[in-house]
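Quick heads-up: it's one chain on its own, the form predicted alone, in structure tokens.
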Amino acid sequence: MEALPRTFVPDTHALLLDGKAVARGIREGLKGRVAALRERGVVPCLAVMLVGDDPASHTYVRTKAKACESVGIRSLVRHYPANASQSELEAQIEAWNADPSVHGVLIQHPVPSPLDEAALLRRLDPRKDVDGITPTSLGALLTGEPAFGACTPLGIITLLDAYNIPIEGKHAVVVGRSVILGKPMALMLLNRNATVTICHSRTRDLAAITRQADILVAAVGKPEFITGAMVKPGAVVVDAGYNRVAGRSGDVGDVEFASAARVASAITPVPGGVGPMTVAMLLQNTVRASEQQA
């Protein structure tokens, strides 16, 4: 991996955790593994199920497909209308489960109601769950058994490691308890010997808890919800939020970046922090699945 830039947020002492740079190094490493698989006649393939016409979901799928192509992974996208039947989608997943040329399957979240996204995930073969969010994968995270890690929390852990930020013995506070981010994030930090507190929408006196965090992960889904006043001086702040705000261009994180950077010792930007790491972990999991199945 290339040497990481040591860039600081202007007019602060906060180190900028450059997810783009770390992800770029990971992708470069994956190219060699993909080439080795291709020499054996194996072309790594990620199949993506996209249901409905949510613009953000379409953007995410295009981004993932482009990233796959950049390292030599074949991307197969199946787009279904929002009124597709549950049985039709489940049949497609079963077909991919049985197809040896498909090594990883991603069900783009969210699947529009009244379709049952949880039932679709239960159908997916855990060996192909490169997004790491089936009940089997999440259960393995709890028990310590081998499985694919959920991409965003895994990307956060990888980013912290890339900058040699210690986790063991630290007090980590995760704001958010979603199945795809908050809960697996807390478990991954716990598995790395952090002391972990999970906060959520019903947590009382949230700021009093976040100010205790050595590592603060914002995954609440509310734009600029975490302010500098809620950050312990010297804390590492990880912003896993991506929000669209009317009247503002681009994505906005869950952290008010300017005020938090004046207090933190290190912080992720939005964009360019956690997002690229999520995609890099999806590629890494897909290559790993290809190697295991080969």
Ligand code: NAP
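Note that the structure is predicted; figures quoted are calculated from it, not measured. Residue indices: 1-based, along the sequence shown.
Just so you know, the form predicted in complex with the ligand exists too; it's not on screen, but the next bit is about it.
180 is the sole member of 115, 180, 190, 76 with a non-hydrogen atom lying within 4.5 angstroms of the ligand in the model of the complex. Segments offered: 233-241, 23-31, 40-48, 65-73. Contacting the ligand in the model of the complex at heavy atom distances within 4.5 Å is 233-241.
Interface membership of residue 278, defined by any non-hydrogen atom within 4.5 Å of the ligand in the model of the complex, is confirmed. Among heavy atoms of residue 201, some come within 4.5 Å of the ligand in the model of the complex. In the model of the complex, residue 274 approaches the ligand with a heavy atom inside 4.5 Å.
Of the heavy atoms in residue 134, none are within 4.5 Å of the ligand in the model of the complex. Contact residues in stretch 203-236 (any heavy atom within 4.5 Å of the ligand, taken in the model of the complex) are 206, 219, 220, 221, 222, 225.
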